[in-house]
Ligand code: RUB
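The chain below stands alone, shown as structure tokens; this is the form predicted alone.
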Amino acid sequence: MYPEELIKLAEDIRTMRIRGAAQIGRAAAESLSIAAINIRADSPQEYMDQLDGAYKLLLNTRPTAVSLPNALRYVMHRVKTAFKRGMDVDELRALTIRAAEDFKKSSQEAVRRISDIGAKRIRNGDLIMTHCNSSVAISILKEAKRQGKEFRVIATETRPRFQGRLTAKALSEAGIPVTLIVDSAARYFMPKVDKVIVGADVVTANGAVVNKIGTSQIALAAKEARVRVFVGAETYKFSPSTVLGELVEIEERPPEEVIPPEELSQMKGVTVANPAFDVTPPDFIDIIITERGIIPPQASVLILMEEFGWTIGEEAIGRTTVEEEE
């Protein structure tokens, strides 16, 4: 029913071959574009039914990715509005493709803007700690380097999937000196750090940040050491449903990421807990850097109202869940 390219993208998202909030969002938008190109429909209603099927297929690949539904809704909202206005099949197809391209371009432009704004916060001689494999955090650091600033970075390994190694490699290739440390050493090094820069998977209405497991511990250690914590996040990572206090569902990853199944089978009575994310309270965050500018965490609800048109009292759509930002 669905084109092979769409099925492959959906499977790549599901199995984490495509991972990271930004990459997943762009892949989701691209998938709807592929679906649109391949839909054969005799009526606008038939077109919408088939596109909705692709939407649901993609939405269920990784229901824990807030960037996934936000990207899909970005496209679907525009197509549904056009459908209600009476557009024909060819017009709806062209609009779907254009909306997908618009989302991808706006996503990439957002990272560029955040990089420009965030790089201004980095000074010569800084020692910066980062966690996981955030494309936004890496872009900020690369832009600062491009501007001629000299600084060093401490990158955590980010167990159990070691995404921090990818960060260390990317930064070293950009000519930025990097020290790779085990996650549990973050507090040991924190007194020497000038600032912490991380990405985000979700920003909630009260300014809390959901990010890779271990982020909240780093932020806590930073607060103890009076080190400022900067979070880079595109506005499509702000979660509309949290305006009404919807809980953020934390993804539990498979135990084999932590320990080989054959080894675990020899440990009677032992279970493995492998949460992918944790929640950093707004009190542990100094600023959030968005493509619209720098805001305090407490102003997150204003971004949500402006970006998604939400007001207190509207019905939340679905539960907010998260996917790794890498």
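Given the structure is predicted, the values throughout are model-derived calculations rather than measurements. The numbering used is simple: start at 1 and walk along the sequence shown.
Unshown form predicted together with the named molecule; subsequent notes refer to it.
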Handout entry: Contact of residue 156 with the named molecule in the predicted complex (heavy atom, 4.5 Å)
Key = no
Handout entry: Interface membership of residue 135, the named molecule in the predicted complex, 4.5 Å heavy atom rule
Key = yes
Handout entry: Contact test in the predicted complex: residue 242 vs the named molecule, heavy atoms, 4.5 Å
Key = no
Handout entry: residue 22: touches the named molecule in the predicted complex, heavy atom cutoff 4.5 angstroms
Key = yes
Fill in the blank from the handout: For the named molecule in the predicted complex, the stretch among 94-102, 173-181, 144-152, 126-134 with residues bearing a heavy atom within 4.5 Å is 126-134
Handout entry: the named molecule in the predicted complex reached by all of 115, 168 and 195, non-hydrogen atom within 4.5 Å
Key = no
Practice task
At a 4.5 angstroms cut-off on non-hydrogen atoms, which residues of 200-230 are near the named molecule in the predicted complex? List them in order.
Solution key: 200, 201, 211, 212
